[in-house]
Structures are given as structure tokens and as C-alpha cells.
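Next up: a single chain in C-alpha cells, the form predicted on its own.
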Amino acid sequence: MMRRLGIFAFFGVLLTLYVQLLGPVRQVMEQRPFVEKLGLIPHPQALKLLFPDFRALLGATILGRVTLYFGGLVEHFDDPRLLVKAVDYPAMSRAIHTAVKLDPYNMDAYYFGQAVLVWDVGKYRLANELLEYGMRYRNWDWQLPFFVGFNKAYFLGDLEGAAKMYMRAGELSGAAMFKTLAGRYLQEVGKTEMAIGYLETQLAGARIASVKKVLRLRLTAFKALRQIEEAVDGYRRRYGEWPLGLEDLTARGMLAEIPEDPYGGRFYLTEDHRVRTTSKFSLTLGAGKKKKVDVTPEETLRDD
């Protein structure tokens, strides 16, 4: 008993020293430019060895640093196209992966990773790796397979894999909607509706303010896209031909004006009559020159 108390006391001293060390580090970070304040995150294995009884606390603390960092940038830049130039995505990715290695049950980490890694930097497989890691622990949670299914269908074109994930989400949630998605929304003609449904579902469950703000931006963009698609379909039904360009929609009263892409891109009509945007719903493209972002984690997520 005394030996056990001594071990707890030892690790308590280490934790106290770690917290005290954060003070000078925080002062240094506060003197750095605003966009560089995320700082360094210790390796998860080292944290596990030093603080085996405080994994969940440390995981939540690290994720808290990430959300404060990202949230501060979201509030700092009114123009979302400037946001992507300031965010240190590789550091955020490493921090999120460290957080889930410490506490694989923290849902906020998966929400944050899905909201940022997928849309801002196009790391679909990396996001799915993160989500599938969480599925091994949060095996009751329908949202994780739902997110994986969306990424597979919408971004990766893996309809078979997506259907399996939607079926799993349906089995876990008891909602027939996901089984319907597996059969109906995974077709090309339903991708916009699928994206809107996905974003509304993710927004309803999000708890981090900065993530909610980013999701609302994307939802606005996809609703604008759907508005144009409906006008194109209406034009076809009314005039028996496809519009040559989006300007035909306003000229003939199908739209009062072409909606703006909140990502800074421009909506246009392709040769096969589909509505697209030059931003591709990405801040990196909507901002102009694409920012190259390599967010490969330091190590593969796996069970210890």
C-alpha cells in the first residue's frame, strides 16, 4: 500500500513539474506571432510512460490547446480565405493524433479531425484512418462509420466501402435513413444532397465553436450549389434544352442572381451540364494559389 502511494506521489510530482514548466513555455509562446502559438506536443508514448493514470486528462488538454489555437485563428480572420494561410495544419494533425492515442474515446478529437483534415487539406485517407481507429474503441458510435462512409463515397469514389459503413451506421443507430443512404444517395446524381445531409448531421453533433463555424460555411456553400443545380434542372424542363452557362439562368429568370461561393471560388457549368466551383469547396483553392500541406502523422495509429 505504501509503495503504491509512493508511486502516485512520484507521478504527482512529475505532473506538477510538467505544469510548472508550461508557465515559461507559455510566456515564450505568447511573445511569438499570433499564428505560431500552437507549440510543441510531446510524443504520446512518452506521455503514457510518464503519466499512465492521466491519459484522458492529457488528451483533453492537448485537444483543448488545438481548439483554442484554431478557434483563435477563425475569430482573427474575418475572411475565411486568409485562414488557411495562417493555420499550421501539420502541427494540428500531430496534436490530434497524439490526443486520440492518449484517449481514444474522446469524440471531439474525431469531430475536429474530420472537419479540418478532410475539407481544408484534402487528407481523406488520413481522416478515415483516424476515424477507423476510433471505431475500434467507440464501437457503439454510429457517427464514426457515418463519417467514414461519407469520405469514401464523396471524395474517394469507393461506393461499395461507403455502403458498408452506412449499413453499419444504420445498425448502430437503428435509423433506416443510413440504409437508405447506402442505396440511394451514393449515386452521382445525389452527391449534393448527400453532402448537405452529412453536414447537417455533423453540425448537429458538433460541440466545438470553431468547428461549428467551419461547418456552417460549408453547409452554406453546398446549399448554394444545390440552388443552382435546381435552377439548371428547371431550365431544362421549361425550355427543353440545357443552359449554355449560368448567365442563362439569370437572363431567363430561373435565378435572381448567381449565389456566391463563400470559399472565394466561382460557380460554373461544365460541358456535361454539372455545376462546379473553382474552389472545389476548399479554402486552399478558393484563396487562390493552392497551399501545399503535408499532414502525415508521426506514426501509424494502431493498438498498443
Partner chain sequence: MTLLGATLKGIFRDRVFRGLLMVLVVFAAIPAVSTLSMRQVVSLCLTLCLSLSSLVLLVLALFLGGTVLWRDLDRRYCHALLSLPLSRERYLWERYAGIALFLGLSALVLGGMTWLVTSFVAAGYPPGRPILWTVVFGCIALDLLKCLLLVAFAFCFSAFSTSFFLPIFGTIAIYLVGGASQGVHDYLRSSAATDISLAVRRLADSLYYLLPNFSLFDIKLYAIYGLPLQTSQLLLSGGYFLVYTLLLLGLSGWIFARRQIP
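Residue numbers count along the first chain shown, from 1. Given the structure is predicted, the values throughout are model-derived calculations rather than measurements.
If you look for the form predicted together with its partner chain, you will not find it shown, but the lines that follow are about it.
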>> The chain here is shown without its partner chain. Which stretch in 158-166, 121-129, 196-204, 226-234 comes within 4.5 angstroms of it in the predicted complex, by heavy atom distance?
In response: 196-204
> Heavy atom within 4.5 Å of its partner chain in the predicted complex: which of Glu257, Glu271, Asp53, Glu241?
Replying inline: Asp53
>> Contact check in the predicted complex: Ala60, Tyr105 and Val211 versus its partner chain, with a cutoff of 4.5 Å between any heavy atoms. Do all three pass?
In response: yes
>> I'd like to check something about Leu49: if you look in the predicted complex, is any of its heavy atoms closer than or equal to 4.5 Å to a heavy atom of its partner chain?
In response: yes
> Might Lys152 be said to contact its partner chain in the predicted complex, defining contact as any heavy atom within 4.5 Å?
Replying inline: no
>> Within 4.5 Å, heavy atoms only: does Thr192 come near its partner chain in the predicted complex?
In response: no
> Can any non-hydrogen atom of Arg218 be found within 4.5 angstroms of its partner chain in the predicted complex?
Replying inline: no
>> At 4.5 Å, heavy atom to heavy atom, what parts of 234-259 sit next to its partner chain in the predicted complex? List them in sequence order, or say none.
In response: none
